[in-house]
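One chain follows as structure tokens, the form predicted on its own.
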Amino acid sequence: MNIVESVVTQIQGLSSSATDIAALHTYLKQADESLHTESARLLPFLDHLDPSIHSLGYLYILDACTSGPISEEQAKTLVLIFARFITSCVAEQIRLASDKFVSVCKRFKDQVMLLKAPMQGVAAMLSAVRKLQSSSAHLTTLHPEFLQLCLLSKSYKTGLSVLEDDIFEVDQPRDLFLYCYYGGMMCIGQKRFQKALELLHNVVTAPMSSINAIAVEAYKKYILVSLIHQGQFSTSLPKYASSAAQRNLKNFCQPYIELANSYSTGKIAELETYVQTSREKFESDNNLGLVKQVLSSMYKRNIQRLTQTYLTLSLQDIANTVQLNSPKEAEMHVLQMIQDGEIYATINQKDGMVRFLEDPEQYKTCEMIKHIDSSIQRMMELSKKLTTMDELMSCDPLYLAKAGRERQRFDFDDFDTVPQKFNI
């Protein structure tokens, strides 16, 4: 019996109980190098294993037999094998060799990309994310891979399912950057601009010792989405943003800062001229679509400003003030804004007059009370989690060592003295 047949026999015999699987894991780690040596002849042996029973062993063999270069023709067959394994494997088994599982899933993503069929990998990769997670608060290395497939296949709604989770555990900092960046792009695709701003803000303000390309691209989109959703942008970052971000981000995004400055004037002709001048730059950054939405949003902002000054106004006056081509075009903008809940108004079709109204929300309907209560409950839960994390961090040896080094930089006079009754 050669080494491969021996490994398959061991996998079949040691996959029934937790004790057996632990013993099998030890055996497979020792046999791993031999399996890679035999990688060219491993694929047929997968037919002797059931991925829903022999998950750990199946993972080791699949990892070994796909470790070399894979042609497009081979990928067509392997994609189906990968997908079947990922969707049917047992989470408790694959977590014993999580590095191998991540490696296999990334190869699966590479193969669906090679076949130009990202949609084919979405369902399986979502299953992989859920199986690798220890809890819904855990951000895995596979989250960005899954979101990238969703973006490329335009499966935005599927991708949004993982963006609703509150993340408290991160394996690698890069995973968080990519998760928030891809998530922000996905929310932009769904026009969920408030959520997109939140995610892009997380990228820009995340701890970083030096500036990185993901943060720069996120900042560009953060500027554009701020203009679209809020009608304004501030270049000052919050105090908790890293010094690297505060010093350098603006330098890499100057055309976007200038766009925001032009937008703040409220002059549509000036903004259009600047967009045309910098069109090539925006296009090379793949942000031209967003820039066009910024341009369109200026009409809305100018109409919103009118609601603060006038109670009634003709469509012709709105068109003239906002620099639209005709009263009909002004009517279309006003109707769209009423539909989106951006303004409250009525249009008299007979005389072409628009009457601006107050916000009708009285905050006393059952739906609103339920929404407020849900938000309060979520904040309370979040507060509990933050308190727990704070307590854990205050006992962490690495944190205490760093805090001790930082404290030596200050004089003892900077700290409150210990009350007399606590002196020993």
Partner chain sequence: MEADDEIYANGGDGPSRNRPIISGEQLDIEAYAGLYTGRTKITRLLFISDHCDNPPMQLEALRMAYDEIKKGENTQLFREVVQKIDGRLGPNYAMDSAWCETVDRRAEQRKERLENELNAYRTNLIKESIRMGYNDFGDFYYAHGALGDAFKSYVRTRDYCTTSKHIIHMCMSAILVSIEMGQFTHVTSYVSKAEQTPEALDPITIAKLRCAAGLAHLEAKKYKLAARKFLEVAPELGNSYTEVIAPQDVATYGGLCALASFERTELKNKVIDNLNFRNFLELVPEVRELIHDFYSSHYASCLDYLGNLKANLLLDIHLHDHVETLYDQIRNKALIQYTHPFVSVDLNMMANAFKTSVAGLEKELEALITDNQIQARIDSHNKILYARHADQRNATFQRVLQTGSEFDRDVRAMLLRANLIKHEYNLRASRKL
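Because the structure is predicted, anything quoted here is derived from the model rather than measured. Rigid core here is just the name for the largest C-alpha set that superposes within 1.5 Å across the two forms. Positions refer to the first chain, counted from 1.
Here the subject shifts to the form predicted in complex with its partner chain, a form of this protein not shown in this document.
Exercise. Looking at the partner-bound form in the predicted complex, is Ser297 within 4.5 Å of its partner chain by any heavy atom?
Worked result: Result no; Ser297 lies far from its partner chain in the predicted complex.
Exercise. Does any heavy atom of Tyr310 come within 4.5 Å of a heavy atom of its partner chain in the predicted complex?
Worked result: Yes, Tyr310 lies within 4.5 Å of its partner chain in the predicted complex.
For this session: Please check if Thr37 has a heavy atom lying within 4.5 Å of any heavy atom of its partner chain in the predicted complex.
Result: Although its partner chain is absent here, Thr37 would stay clear of it in the predicted complex, with no heavy atoms inside 4.5 Å.
Exercise. Would Asp166 count as a contact of its partner chain in the predicted complex, using a 4.5 angstroms cut-off between non-hydrogen atoms?
Worked result: Output for Asp166 is yes: heavy atoms within 4.5 Å of its partner chain.
Exercise. Its partner chain isn't shown here, but in the predicted complex, which of 217-225, 325-333, 118-126, 350-358 has heavy atoms within 4.5 Å of it?
Worked result: Comparing against its partner chain in the predicted complex, the contact stretch is 350-358.
Exercise. From the list Phe193, Tyr274, Phe177, Phe282, which entry has a heavy atom within 4.5 Å of its partner chain in the predicted complex?
Worked result: After the contact test, the surviving option is Phe177.
Exercise. Taking its partner chain in the predicted complex as the reference, which of Gln172, Ser103, Ser88, Ser264 has a non-hydrogen atom within 4.5 Å?
Worked result: Comparing distances to its partner chain in the predicted complex, the residue within 4.5 Å is Gln172.
Exercise. Among Ile21, Leu80 and Arg84, does every residue place a heavy atom within 4.5 Å of its partner chain in the predicted complex?
Worked result: Not a single residue of the candidate spot has a heavy atom within 4.5 Å of its partner chain in the predicted complex.
Exercise. Though the partner is not shown here, which residues of 250-284 have a heavy atom within 4.5 Å of its partner chain in the predicted complex?
Worked result: Stretch hits: zero.
Exercise. Fitting the rigid core first, would the Cα of Pro397 be found 2 Å or more away between this form and the one not shown?
Worked result: After core superposition, the C-alpha of Pro397 moves 2 Å or more between this form and the one not shown.
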